[in-house]
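Heads up, the chain below is alone and in the form predicted alone; it's given as structure tokens.
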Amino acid sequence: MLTCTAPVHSPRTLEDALATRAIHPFATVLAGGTDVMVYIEGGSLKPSALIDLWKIDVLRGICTSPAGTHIGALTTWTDIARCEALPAAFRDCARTVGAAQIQNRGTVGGNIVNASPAGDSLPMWLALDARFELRSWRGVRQVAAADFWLGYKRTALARDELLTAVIVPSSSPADHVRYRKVGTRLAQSISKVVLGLRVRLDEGVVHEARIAFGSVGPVPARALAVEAALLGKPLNEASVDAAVALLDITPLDDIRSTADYRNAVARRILRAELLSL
């Protein structure tokens, strides 16, 4: 077992956390710790300091309003799975994040900021048009999920900023949301392909489409050509097959899967989920 001797700062208020982050911009931020502790134990992360946010209760909770849903960054996956105000597909997503112990400790914010290409929730934030609230002593700003992940393990967070919340716009009764994760096992598996999908139908015709994949590139990404091909079309085998044929992803071969497998599976699950609507 490796020993970490880095100092740990444990602010109890958001104001203290922002002040600590400003003073220690290169410190590792600790939310639930389900990834960070593994990296430290494995020797791939040697933090100069840690900022533990776990005691800041204002960063927890889910609030809904006519404008949308506000999710605190320290909200756990167990909280998400139990929140009926969220789309059922997103609750399904929460239940795929590790085992119950991980869901009890792992946080929404940690999954987002960790920026793993295989992050279970990342395509869903794209499908839901989510915005991320970023705070520092300089102020607060919001960044669209589509603009947040810049590259492998790189995000739009400035060194002095913390992710404090996720804002999900209100949905329409015409919205159909789907989530699909493919892994080696049915549970406790790192994803090989993840799909987040939202389609708005008006009398059977696609009025809006958001389709996003994870684990098939360095960042989660929307399938823009597929979305555009679906607009104004009824969902049937002909329109779906034509749209799916435009899916353009370039996954890599790695220890979990091959590029050919990911390409084939991505197309199959996209076709299946679209036709299920």
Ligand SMILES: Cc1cc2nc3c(=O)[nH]c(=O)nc-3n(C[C@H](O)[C@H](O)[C@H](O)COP(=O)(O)OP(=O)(O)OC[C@H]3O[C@@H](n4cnc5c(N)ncnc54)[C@H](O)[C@@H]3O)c2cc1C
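Nothing here was measured: the structure is a model prediction, and the numbers come from that model. One-based numbering along the sequence shown.
There is also a form predicted in complex with this ligand; it is not shown, and the following applies to it.
Taken together, the three residues 174, 199 and 239 lack any non-hydrogen atom within 4.5 angstroms of this ligand in the predicted bound form. Heavy atoms within 4.5 Å of this ligand in the predicted bound form belong, among the stretches 79 to 87, 138 to 146, 202 to 210, 154 to 162, to residues of 154 to 162. For the candidate set 33, 251, 68, 47, a heavy atom within 4.5 Å of this ligand in the predicted bound form is found for exactly one residue, namely 33. Although the partner is absent here, residue 98 lies within 4.5 Å of this ligand in the predicted bound form, judged by heavy atoms. The shortest heavy atom separation between residue 105 and this ligand in the predicted bound form is within 4.5 Å. The shortest heavy atom separation between residue 225 and this ligand in the predicted bound form exceeds 4.5 Å. A residue is said to contact a partner when one of its heavy atoms sits within 4.5 Å of a partner heavy atom; residue 126 fails this definition for this ligand in the predicted bound form, lying far away. Heavy atoms closer than or equal to 4.5 Å to this ligand in the predicted bound form belong, across 36 to 75, to the residues 36, 38, 53, 73, ordered by sequence position.
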